[in-house]
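So this first bit is one chain, no partners, the form predicted alone, shown in C-alpha cells.
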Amino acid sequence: MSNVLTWGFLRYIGQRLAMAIVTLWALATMTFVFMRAVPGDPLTRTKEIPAAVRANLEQRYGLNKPLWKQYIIQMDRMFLHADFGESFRTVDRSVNRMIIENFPASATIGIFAMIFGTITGLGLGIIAALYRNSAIDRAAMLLCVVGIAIPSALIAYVVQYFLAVFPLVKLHVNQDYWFRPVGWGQFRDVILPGFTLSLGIITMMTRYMRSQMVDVAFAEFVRTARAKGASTFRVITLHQIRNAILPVVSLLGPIFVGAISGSLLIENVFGVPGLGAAYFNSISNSDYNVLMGLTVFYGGFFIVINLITDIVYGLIDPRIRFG
C-alpha cells in the first residue's frame, strides 16, 4: 500500500509540475506575441535618433533579427539561463537586478496586507455568521459590496488623503509621528499601502468565512454536539470555526500571490519603490525585456505558489492525488 501511495503521490506531483511548466511557457509566448503586435518598438518611443545609431541599437538588442529568432533567443535566455535581459530604456540595467532590488518592497506590502486582511476578514466573517440577518451581518455584507465595487486605485487616493494628507495639513499632526503620504524606508510607510491592499482580501475572506460558518452551523455533527449538551462556546470554537476554516487553506495561495502582485497600482499612489512603477513604465515605453521579465516573474510566482498548494492538498487529502 505504501508503494502505491508513494508512486501515486509522485505521479500527482509530476502532473502538476508538467502543467506548471507548460502554463509558464504559454504565458511567456502570449506575452511575446502581444508585445510585438503593438505598433512601434522601444526605439520609436524614445526621442528621434539618427539612422546609424538606431541600426547599432537594433543590432545590440537583437531587434534586427526575424521575430522567430528573437523568440527563440528570449525563451532560451529566460528558461535555460534564468536571464531576463537588459532594459531598453535604462543603460546597463538588467531586469534581474531590477527584480532583486525592487521586489522586497512589493513583497513587504503584500505580506502585511495578507496577514492583516486574512485575520480581519476571518474575524468579520465569523461575527457576521454568528449574528446573521442582524444589523451587524448586513453592515458587514454592505462593506463587502462597497469593497468590491470601488476600484483599488480610488481607495488608495481616499486612504492617502484622509489618513495622511488631511491630518498633516488640516489638523497639523506632528509629521514625525504620523503616516507620510508618500515615502518609503520606515515601518509606518508600509501601513497605509498595506491597509489599502488588504481591503480586497478582507472583503473576500469575510464573505467566504461567513458562508462556510453558516453551512457548518446546520451540519449534523454540530446538531449532535448541541444535543449532547456542549456549551455554545465549545460548539462555535471546536466545531463550527474549526471545520469552516479548513477550506480557507485553498485560498491562502492565491491570496498571497494576489497580495504581492496586486500592489502594482497602489505602489504608484504611495510612492513605494516596488515593481509597480517599473511595470507600468515598461508598458508605456514598450520595454520588451522588462515587460516580459516582470510578467513571467509574477506568472511563475503565481504558478509556484499554486503548485505548492496543490502538493499540500495532496498530502492532506489522498482523494485528490488518486482522483
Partner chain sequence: MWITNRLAHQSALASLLSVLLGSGTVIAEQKSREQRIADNEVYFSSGDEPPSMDISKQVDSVSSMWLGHIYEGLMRTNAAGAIIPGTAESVSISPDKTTWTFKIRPSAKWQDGVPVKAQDFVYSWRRLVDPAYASEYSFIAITASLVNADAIVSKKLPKEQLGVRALDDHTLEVKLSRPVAFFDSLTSFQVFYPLRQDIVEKFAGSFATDPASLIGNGPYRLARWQKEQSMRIEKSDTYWDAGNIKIKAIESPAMVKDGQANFNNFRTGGIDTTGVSTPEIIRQAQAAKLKIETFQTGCTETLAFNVRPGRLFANKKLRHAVRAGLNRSEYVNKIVGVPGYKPAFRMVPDYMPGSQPGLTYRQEVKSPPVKDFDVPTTQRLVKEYLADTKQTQIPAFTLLFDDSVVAKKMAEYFQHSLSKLLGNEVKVETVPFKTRLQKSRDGQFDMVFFGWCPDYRDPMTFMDLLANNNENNSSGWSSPAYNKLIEQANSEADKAKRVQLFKAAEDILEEEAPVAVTDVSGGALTAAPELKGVKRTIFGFAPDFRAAYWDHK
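Being a predicted model, the structure only gives us computed values, none of them experimental. Residue numbers count along the first chain shown, from 1.
Unshown form predicted in complex with the partner chain; subsequent notes refer to it.
This chain lacks the partner; the member of Asn96, Thr237, Ser250, Thr90 within 4.5 angstroms of the partner chain in the model of the complex by a non-hydrogen atom is Thr90. By the criterion of a heavy atom within 4.5 Å, Tyr71 is excluded from the residues contacting the partner chain in the model of the complex. Contact annotation: Arg60 falls within 4.5 Å of the partner chain in the model of the complex, judged by heavy atom distances. Not displayed here, the partner chain is kept clear of Ser261 by more than 4.5 Å at the level of heavy atoms in the model of the complex. Contact annotation: Ala278 falls within 4.5 Å of the partner chain in the model of the complex, judged by heavy atom distances.
Comparing 222-230, 130-138, 183-191, 74-82 against the partner chain in the model of the complex, the single stretch with non-hydrogen atoms within 4.5 angstroms of it is 183-191. Taking the partner chain as positioned in the model of the complex, the residues of 274-297 that bring a heavy atom within 4.5 Å of it are, in sequence order, Gly274, Ala277, Ala278, Asn281, Ser284, Asn285, Ser286.
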